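Next comes just one chain, in structure tokens: the form predicted on its own.
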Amino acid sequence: MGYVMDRAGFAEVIAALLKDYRIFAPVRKKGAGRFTDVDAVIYDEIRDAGEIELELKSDYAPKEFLTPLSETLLYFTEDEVKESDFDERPVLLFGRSCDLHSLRRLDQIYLNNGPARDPFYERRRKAVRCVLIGCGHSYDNCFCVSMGSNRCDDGYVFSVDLIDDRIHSNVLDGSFIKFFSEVPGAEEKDVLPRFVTENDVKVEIPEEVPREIVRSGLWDEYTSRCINCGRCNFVCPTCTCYTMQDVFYSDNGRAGERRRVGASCMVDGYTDVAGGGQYRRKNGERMRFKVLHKISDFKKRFGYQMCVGCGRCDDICPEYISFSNIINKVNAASREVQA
């Protein structure tokens, strides 16, 4: 079931949905980029349809709702421990096809990666239903076609495409039809979300990364080029690493809160262990760990690639290091070894 309507009609749909749902979507923030005169598209809770950015690729990923950069998990005193409160209202999370694919990766790590499910992630995940933003064209640095994440045929309640200043929506979940059918002027039509079929950037991932590549000098250039800022990890929709912090309210350390805080395998301190040891001191070693985890180790464990090819890491790197280029370097070096 599909509907086509003008922006005013879509605004009515969103207004009606906001009565029952919290909505998180990409929002264009003036002057919030890396320079004061540069905008940034980030995820935020919206209050009306006019805030939703449908044309630009977001600089940050929708995982920011599911895995906030900083989240208080519990509060403690001398006598008790209390889980933090959580707004249990249902959530609509807008995202492109690659973003919806990324949720499967997050679920794998937080819910299906051992004997216990992460309860703090799970309570957020249970609240979420997805809205697909169609892609009418490929964006800079995207290589989603190579990663097989360019198309999403299910897993969303309805889609949104802005075409010729009109909203085209494919409604998969019957319970949402009422929000569209009751809008004055909405036309019922067959609608399919737009998907990218070709990217300018293409990658080829080797079936097996030879051990020689792990120990080769391929990674040495990143020891000098990478400045270990961690931006690539923080914008990545599938990076899941975090650390824990205890914040004390009193001098005796018996009252406070425990926070889960986003962490990065690319920054100093990530691999520090007791006694001052550090497993990966050089930036090249950190780059090797990140890349091989995304295109090799995760697949060995779960059967599919971790990277979804959104290209955000390339977009944000201040040193213009291209993740897609590294993948192709690994593939070329692997072929040489196996030849």
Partner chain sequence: MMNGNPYLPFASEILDVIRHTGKEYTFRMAFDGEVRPGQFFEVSIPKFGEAPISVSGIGDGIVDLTIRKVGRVTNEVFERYKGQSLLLRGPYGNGFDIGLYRDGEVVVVAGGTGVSPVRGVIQALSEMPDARDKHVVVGFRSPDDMLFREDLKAWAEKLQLTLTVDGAPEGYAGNIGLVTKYIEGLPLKDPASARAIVVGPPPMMKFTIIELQKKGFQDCNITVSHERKMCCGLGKCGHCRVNDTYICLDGPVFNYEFARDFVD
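Treat the numbers as computed from the prediction; the structure is a model and nothing was measured. Numbering follows the first chain given and starts at 1.
The form predicted in complex with its partner chain is left out here; the points below concern that form.
- The partner is not drawn, yet in the predicted bound form one stretch among 90-98, 127-135, 161-169, 104-112 has residues with heavy atoms inside 4.5 Å of its partner chain: 104-112.
- Taken together, the three residues M244, V247 and T271 all come within 4.5 Å of its partner chain in the predicted bound form, as judged by their closest heavy atom.
- D297 is the sole member of E51, D39, E45, D297 with a non-hydrogen atom lying within 4.5 angstroms of its partner chain in the predicted bound form.
- For the options I227, V157, I177, A263, the one in contact with its partner chain in the predicted bound form, meaning a heavy atom within 4.5 Å, is A263.
- In the predicted bound form, its partner chain sits within 4.5 Å of a heavy atom belonging to R288.
- Although the partner is absent here, R254 lies within 4.5 Å of its partner chain in the predicted bound form, judged by heavy atoms.
- When its partner chain is considered in the predicted bound form, F76 lines it closely, a heavy atom lying within 4.5 Å.
- Residue contact check for G217: none of its heavy atoms lie within 4.5 Å of its partner chain in the predicted bound form.
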